[in-house]
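The chain below stands alone and is given as structure tokens, in the form predicted on its own.
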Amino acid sequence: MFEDKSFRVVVNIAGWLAMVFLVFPVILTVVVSFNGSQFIEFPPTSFSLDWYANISSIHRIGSATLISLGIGLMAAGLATVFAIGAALVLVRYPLPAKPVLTAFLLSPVTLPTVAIGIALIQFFIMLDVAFTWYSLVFGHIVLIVAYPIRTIIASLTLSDTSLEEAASSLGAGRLTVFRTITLPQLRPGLISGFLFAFLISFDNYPISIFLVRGELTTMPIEVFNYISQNLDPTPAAFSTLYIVIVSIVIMLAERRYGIISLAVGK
């Protein structure tokens, strides 16, 4: 009994330390964004909102954010469509070497993104489509498709197949069954997978840096370029706004669809 209690205490302490380790950079960014100094300081010596007004000074931040938004929406939408087919095959059909195929489809999550970027740029140069919208969207799809696959697989695993069988026995065709029975049951996985895929695509830097050129540039690249030339807290102010918006979106989606539990496969 004493050993079990000691083990729980150790696990709780380790969990809280891990949470502090993960959350501290976010807290640091938010605090620095209100720094009144011309340089990044922690703790701040004074407080100011001037750096929020200075966000517009980041080169092409408006157009780059719109490009990231467009790329993220297209990549996440196409990745979610691809993920539906992949998840249906993996869950509903017997396949040889299914674990190997599943590991392959989910491998972009574990592979170094720089290695993926180098491979993609070499591939697109061979096809003579490098540094275009098409290559950027496809590159992001390769990176993010694993997330909707995982959440849709979770939804399929939890879905009630007897409803589909009942609809089929009443004369409904496969397309009708999928549209009226299967797809509504997949809605939580679709929405959460799309959201995760979009957020990862929207602020991706390691893949995008290999696939952009000239006017085709994304928000993370422009923010990084600003950081490399300036030492003021403007990027922290921009990041704080981004953190607030993303946090609100995730909380609303979690409250409605339980995206966190789906993401961890519960």
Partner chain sequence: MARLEIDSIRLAIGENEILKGVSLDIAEGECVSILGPSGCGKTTTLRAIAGFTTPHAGDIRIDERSILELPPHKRNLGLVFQDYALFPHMTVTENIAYGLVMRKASKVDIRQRVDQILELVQLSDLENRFPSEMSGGQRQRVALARALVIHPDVLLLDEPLGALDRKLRDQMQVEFRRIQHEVGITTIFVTHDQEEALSLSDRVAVMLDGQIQEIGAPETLYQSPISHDVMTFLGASNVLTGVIAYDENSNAKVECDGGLVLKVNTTGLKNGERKRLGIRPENFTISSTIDTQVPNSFNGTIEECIYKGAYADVYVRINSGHLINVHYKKQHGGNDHGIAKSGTVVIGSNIFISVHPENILMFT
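Please read all numbers here as calculations on a predicted model, not as lab measurements. Numbering follows the first chain given and starts at 1.
Note that the form predicted in complex with the partner chain isn't included here; everything after this is about it.
- request: Look at the stretches 102-110, 127-135, 74-82, 180-188 and give the one with heavy atoms within 4.5 Å of the partner chain in the predicted complex.
  value: Result of the contact check: 180-188.
Is residue 167 close enough to the partner chain in the predicted complex to count, meaning some heavy atom within 4.5 Å?
-> Residue 167 belongs to the contact set for the partner chain.
| task | Flag residue 172 as yes or no: does it have a non-hydrogen atom within 4.5 angstroms of any non-hydrogen atom of the partner chain in the predicted complex? | result | Yes.
TODO: Look up in the predicted complex whether residue 157 has a non-hydrogen atom within 4.5 angstroms of the partner chain, and give yes or no.
DONE: Looking in the predicted complex, residue contacts with the partner chain do not include residue 157, since no heavy atom lies within 4.5 Å.
> With a 4.5 Å heavy atom cut-off, would you call residue 163 a contact of the partner chain in the predicted complex?
Replying inline: Looking in the predicted complex, residue contacts with the partner chain include residue 163, since a heavy atom lies within 4.5 Å.
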